[in-house]
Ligand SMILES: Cc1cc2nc3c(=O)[nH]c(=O)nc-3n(C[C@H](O)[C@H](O)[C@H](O)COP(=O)(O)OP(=O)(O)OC[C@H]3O[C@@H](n4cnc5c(N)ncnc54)[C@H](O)[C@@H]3O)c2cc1C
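One chain follows as structure tokens, the form predicted on its own.
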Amino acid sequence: MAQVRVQTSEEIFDFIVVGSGAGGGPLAANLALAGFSVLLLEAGDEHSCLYYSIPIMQAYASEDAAMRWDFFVRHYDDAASAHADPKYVPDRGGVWYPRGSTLGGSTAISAMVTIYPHPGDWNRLAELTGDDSWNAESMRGLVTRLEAWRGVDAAPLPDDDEAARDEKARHGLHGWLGTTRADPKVGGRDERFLDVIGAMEQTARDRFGIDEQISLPRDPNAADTPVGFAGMTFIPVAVADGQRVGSRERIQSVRSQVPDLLSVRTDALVTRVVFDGERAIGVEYLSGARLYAAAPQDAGPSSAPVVVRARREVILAGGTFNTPQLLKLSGIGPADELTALGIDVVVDAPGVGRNLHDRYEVAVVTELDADYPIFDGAALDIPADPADGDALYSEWRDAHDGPYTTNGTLAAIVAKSTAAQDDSDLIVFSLPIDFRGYYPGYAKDAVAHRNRLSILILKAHTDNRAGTVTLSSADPRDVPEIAFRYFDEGDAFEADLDGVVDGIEIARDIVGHLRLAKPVAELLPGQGVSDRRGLRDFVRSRAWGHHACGTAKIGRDDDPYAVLDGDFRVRGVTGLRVVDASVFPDIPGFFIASAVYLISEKASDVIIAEHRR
């Protein structure tokens, strides 16, 4: 094998952070604000466009070749089961699973939903680690530090006034992450939108016995929302002044404040962590555009490998797929897998790449009798000339107002399935488009018809932990093998499957409550799928997920599959931590971005306190 020339840089930083998403970006910013020198490495670039900025364009953002990595994941190892899903792409051997490839990571292409995890998610971590700083009360303090809430609040409960409501809700007002909800006035601009919202409200009242004196929707992020809450909620999103916000804006803001402390290097594909014995002392990376094989565009020229050093620590935040890949390439992973690829073993860590899991989602899609009037004359896309455009686009361009300031959702119902324990485990929400999951071209297909209603069902707190991320080669540019092993290929799948079916029944109930908009036909699952057995088969073949986690989990000292301790430290070495969605032993809440933002804030506190001693 030809010897690869490695360029050792004279650069040295206090910390090196790999990945600029919800875990790495805020962490790097916080460390720099605390006075440490930080190098933030991002394999993508700093692409900026209207698909990023305009919230309603979030589907197009996820399909933008300049902002995405193309992962194709296996839901099933069994070929027949895999091919039963229309989303399966045969020549890529899996279902498309886009991830962000730009500054901000996947927060740049997400739907921006910002619903915080349940208190039980944090309390279970506190019990697992024996560390009370993980408990729900402590993590709520990080919510108030993170959040800059600017939405229209839920109406007070019957015994409260606005001051009591606000005190109980405990929203943060002065944090760095702008959060809001769709302005209720937007829904009121289309009588069919109001009909869908009304159907969701009546479904919630009928199913859960909610008195008319209690105003709906409620706030899912209010601190006093009961454990096991069931009812109608609005959907909080990471939007400020009508534009998407997230990790990118935090990085850019802090970089401008302390440019001598926060260095951001894009188009930098980290290939391995560099060790001196058992201590991480830096990373090696390649400089060049689109070097990772998941890039949908051709790769640019690459530099020779460059090594940069960290005085204090290296922190990996590449996400659920890339963090286990990088750990393994660095010699931390299952020994048999590493030796088979000629990788020297630093730590035999069998848990790296295991415990991969996700939520399950499906959609009930209905054709209605007429188009939504608000879409009349709207392209529902960016005009070729940004100075031109239809009325809805122009309203956003000129005033950052109107429907384009939303992520497209109308309302949600939170519920407990028959499989639920303490926490609510279903969220059912409505979109005035035809959405059937993620596949190449889905964004255009979703708006091809203007008379469609999609009711999405998301099953949280799933039980299956059978997924894996394994190396396909020792080349860091290659994409790993990602296998989820859905339902009966996994473990404890019956409760997950039945829970999703419970959600479909709620979705059909919502459609049955429509009054103005008349359903013409149920397109998915279809009117011929009427019993629970048929719905279970539908879920098996059509479900998807978009919140993968767990592949470098936190765990107890006596758990051989625990990759990290409760302070995010990688076991078996020093100077190396992980802060991203891979750390969760169990998937938290309904949407994962907010959970990752919160562990980023927690890790910041832990690391700063340790290095200021």
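For every residue, the number given is its place in the sequence shown, counted from 1. All of these numbers come straight from a predicted model, not from anything done at the bench.
We do not show the form predicted in complex with the named molecule, though everything after this point is about it.
When the named molecule is considered in the predicted bound form, Arg248 lies well away from it, no heavy atom lying within 4.5 Å. Although the partner is absent from this view, Ile592 contacts the named molecule in the predicted bound form, with a non-hydrogen atom inside 4.5 angstroms.
Though the partner is left out of this view, Ile413 does not reach within 4.5 Å of the named molecule in the predicted bound form, counting heavy atoms only.
The named molecule is not drawn, but in the predicted bound form it has a heavy atom within 4.5 Å of Ser110. Proximity to the named molecule in the predicted bound form, taken as heavy atoms within 4.5 Å, picks out 267-275 from the listed stretches 155-163, 483-491, 517-525, 267-275. Interface residue among Thr405, Asn221, Thr462, Thr102, judged by heavy atoms within 4.5 Å of the named molecule in the predicted bound form: Thr102. Along 434-465, a non-hydrogen atom within 4.5 Å of the named molecule in the predicted bound form is carried only by Tyr438.
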